[in-house]
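Form predicted on its own, single chain, as structure tokens, below.
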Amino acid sequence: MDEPKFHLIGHFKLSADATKVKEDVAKLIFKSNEDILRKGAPSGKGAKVINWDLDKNAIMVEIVSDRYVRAHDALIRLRKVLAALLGKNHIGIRGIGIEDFTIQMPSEEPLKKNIPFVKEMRYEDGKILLALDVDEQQIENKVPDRIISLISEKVESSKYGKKEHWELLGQSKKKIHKFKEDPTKELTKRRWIKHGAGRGQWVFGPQVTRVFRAFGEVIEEEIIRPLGYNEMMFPKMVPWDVWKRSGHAKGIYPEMYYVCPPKTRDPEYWEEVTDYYKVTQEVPLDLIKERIDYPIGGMCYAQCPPFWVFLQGETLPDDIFPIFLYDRSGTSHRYESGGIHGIERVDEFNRTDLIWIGTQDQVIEHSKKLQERYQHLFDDILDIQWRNAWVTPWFMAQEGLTGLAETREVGTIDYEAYMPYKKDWLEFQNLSVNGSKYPEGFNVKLQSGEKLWSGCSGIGMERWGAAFFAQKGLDVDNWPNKFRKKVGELPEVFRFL
């Protein structure tokens, strides 16, 4: 398969006339083509200066290269040795200018996207041709490399279709389902739940809340206490730095709820807003928009990333691992781009998040134990029809983790419950082994030097409720005995006229 090819024309801006050392520059460039521009590359590979010129206060260079020593990296290498040579003659390099920078990337199909710092993109003969608009700072900051990675991701995801590899692992026995209605509609009819004021938000009445609390008691008795979990409380407003380190900043934007602080708390600054509301009884959103600052982050999207700040930059002794933690201190929020539906697909949801941390063997071993606990809970207590599947999310392919996913070391197990009313399956539980992704992102290390791994599993009350009610209905007498005893008598608090 063809590899990326690079072509760069640029120049070094000089502090003085360098024509007197032109011969020395020529020797240096010839030598550089043989050594530093090939350093680290296989034999016959690397970068090469194919043309150059010295014009008093500038040295122009034309560089071609392969992926082993990319042209922009070659330019930086060349600057270093040129600076040493010119410095002996009291001539400095004041900066780098880029006249032209093009990249060819092999691709089976065109990519029609607007990419930052790409001024032109076209597709010819099985190649994507890029013309970059970058300067010295962007080269220093590795922007060209990230552009290449981004385009590779987009090409791969277009083939992958943003779908997940799905492989059935196991399933329960089939159940007889007497209840065939949409649980959300039935819960609403009984006034056990009611739409909240916000999008994808519900107010859960005493009856459903009691069921949710029973779920929580079962989780505590069957998972948290037997497996040795300790409770923590994680922040629910997540700044950008956390999402940059966790990897969510790569693509969270269409689904997050943003948090914007006011530019100031000065009441006088906000007086026009308050006066407008007092006069019109309408909230002046345009006036508010002018007075809020840029987003500092967003509401909790995935529950565990903010936890890692607790360990960020730390080196920990080996003998404290494995560690098992959970958080159930607040709601998570996602703007569901695929549309909301009942209590199955909501923007605000209640969740218990499990995290386990240790060596690779410890994390994988605990994943197996947790799978056993879930099977017992779903079969023997909730008595629901379920199946689970090994899932390799498309983002793992983008991050180069497909090898680990194929060996089932890193990846996700999705649990799905059968939904009789629509004769389809609903993902209601997951369990993920994340490898070293989070420890590396937050610079957390083991004293021995061995890599730390982690796993997580989010238990959502709304999804559990949707699955349970869809199969068992709302008549308590039809619920399995073990869970019915856990729920007790459902409270009747409200009567509506």
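Since the structure is predicted, the reported quantities are computational estimates derived from the model, not experimental observations. Heads up: residue numbers just count along the shown sequence, starting at 1.
Not on display, but discussed next: the form predicted in complex with a small molecule.
Student: Going by a heavy atom distance of 4.5 Å, is Asp327 a contact of the small molecule in the predicted bound form?
Tutor: No, Asp327 stays farther than 4.5 Å from the small molecule in the predicted bound form.
Student: Give a yes or no for His177: in the predicted bound form, does one of its heavy atoms lie within 4.5 Å of a heavy atom belonging to the small molecule?
Tutor: Because no heavy atom of His177 falls inside 4.5 Å of the small molecule in the predicted bound form, the answer is no.
Student: At the 4.5 Å heavy atom threshold, is Glu156 in contact with the small molecule in the predicted bound form?
Tutor: Contact check for Glu156: no, nothing within 4.5 Å of the small molecule in the predicted bound form.
Student: Taking heavy atoms and a 4.5 Å cut-off, does Asp73 contact the small molecule in the predicted bound form?
Tutor: Contact check for Asp73: no, nothing within 4.5 Å of the small molecule in the predicted bound form.
Student: Which pick from Lys369, Arg199, Arg345, Lys127 sits with a heavy atom within 4.5 Å of the small molecule in the predicted bound form?
Tutor: Only one listed residue qualifies here, and that residue is Arg345.
Student: The small molecule isn't shown here, but in the predicted bound form which of Asp145, Asp383, Glu336, Glu221 has a heavy atom within 4.5 Å of it?
Tutor: Only one listed residue qualifies here, and that residue is Glu336.
Student: Only one of these stretches, 347-355, 113-121, 147-155, 267-275, has heavy atoms within 4.5 Å of the small molecule in the predicted bound form; which one is it?
Tutor: Of the options, only 347-355 has residues within 4.5 Å of the partner.
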